[in-house]
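One chain comes next, on its own, written as structure tokens: the form predicted alone.
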Amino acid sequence: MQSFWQSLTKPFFVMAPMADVTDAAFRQLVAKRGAPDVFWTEFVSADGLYHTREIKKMKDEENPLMGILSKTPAERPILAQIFSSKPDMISYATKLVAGLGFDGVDLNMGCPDRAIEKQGAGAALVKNPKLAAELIRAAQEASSLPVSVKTRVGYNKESLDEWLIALLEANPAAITLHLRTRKDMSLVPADWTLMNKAVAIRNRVNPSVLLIGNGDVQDLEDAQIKISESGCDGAMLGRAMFGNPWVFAGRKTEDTPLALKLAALIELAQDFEKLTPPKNFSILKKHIKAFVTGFDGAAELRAKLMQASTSTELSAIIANHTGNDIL
């Protein structure tokens, strides 16, 4: 059966999975303003899903991990990103997200968080290609959902000749390459010249696998240039979404009137309370920083908004500051 991946028009542009960013509220905000070609959830622990649902018997509506997997009809196609170092846990979580109506499952093999690496998951899998292949196979056998992988170009150094080949031989539907090593974190610029090498390897080993580039993509125009120069199939945008939910519609952040930005921030806060319980409202501070910047009085307004603990308070502060209700 053909998956949605095969029906995408190239080049395509997708949403990066970002912890405490790409929740249901933010994805809905983006979807209304120009949707990406593919949505990603925040990552969620496959082991944690099993533990909270099967061991603790936690009700799904009270389970914060299941909350990560909430979605709205506007977000299609959408992938659930999961992580684990245990094939049986990946199998469990894949069956779960298939039952929830996701369009695909994405395996996180690039997160540099030390707690996740200690579990043998995330970026630790770059050092264990055999286990990575087993995890891909476990997900493929668990459901009919297409399985994709998000990873890095190496651990301490670039190792595409070994690592990428191992992934390609496992035959995922798509591979997203963050064009930095685990050692690089995000401290150095993403090396998009490595995508040319990755494409050559893909074309030789398994041409059917889609390649998506990730790292330092500024906007849609920049994404198109990077895709054209590297030969990959699509680009993933992450930080470019901050303060600019219009990015997939081709708009640059400086082209958006302040009133629209502030209205979007209020809408995000309101939906955050509706769609993402029991997350703490303080998570929105990173969005406040992104939306409220680059204009006279931004620092003053931003400082006030950082004290808000509800969407009602946030809306009132903005209305008071601007002298009118922009809702």
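The numbering used is simple: start at 1 and walk along the sequence shown. Only a predicted model underlies this, so the values are computations on that prediction, with no experimental measurement involved.
Not on display, but discussed next: the form predicted together with a small molecule.
All of 3, 76 and 173 with a heavy atom within 4.5 Å of the small molecule in the predicted complex: Verified in the predicted complex; spot residues all out of contact, no.
Residue 16: touches the small molecule in the predicted complex, heavy atom cutoff 4.5 angstroms: Result yes; residue 16 sits at the interface with the small molecule in the predicted complex.
Distance check, residue 238 to the small molecule in the predicted complex, heavy atom within 4.5 Å: Residue-level check for residue 238: yes, a contact with the small molecule.
Contact flag, residue 182 vs the small molecule in the predicted complex, heavy atom cut 4.5 Å: Residue 182 lies outside the contact set for the small molecule.
Residue 150, heavy atom within 4.5 angstroms of the small molecule in the predicted complex: Although the small molecule is absent here, residue 150 would touch it in the predicted complex, with heavy atoms inside 4.5 Å.
Residue (of 53, 279, 32, 286) lying close to the small molecule in the predicted complex, criterion heavy atoms within 4.5 Å: None of the other options qualify; the answer is 286.
Proximity to the small molecule in the predicted complex, single hit among 214, 140, 253, 85 (heavy atom within 4.5 Å): Checked against the cut-off, the match is 214.
Location of the small molecule contact in the predicted complex, chosen stretch of 39-47, 58-66, 258-266, 292-300 [non-hydrogen atom, 4.5 Å]: It is the stretch 39-47.
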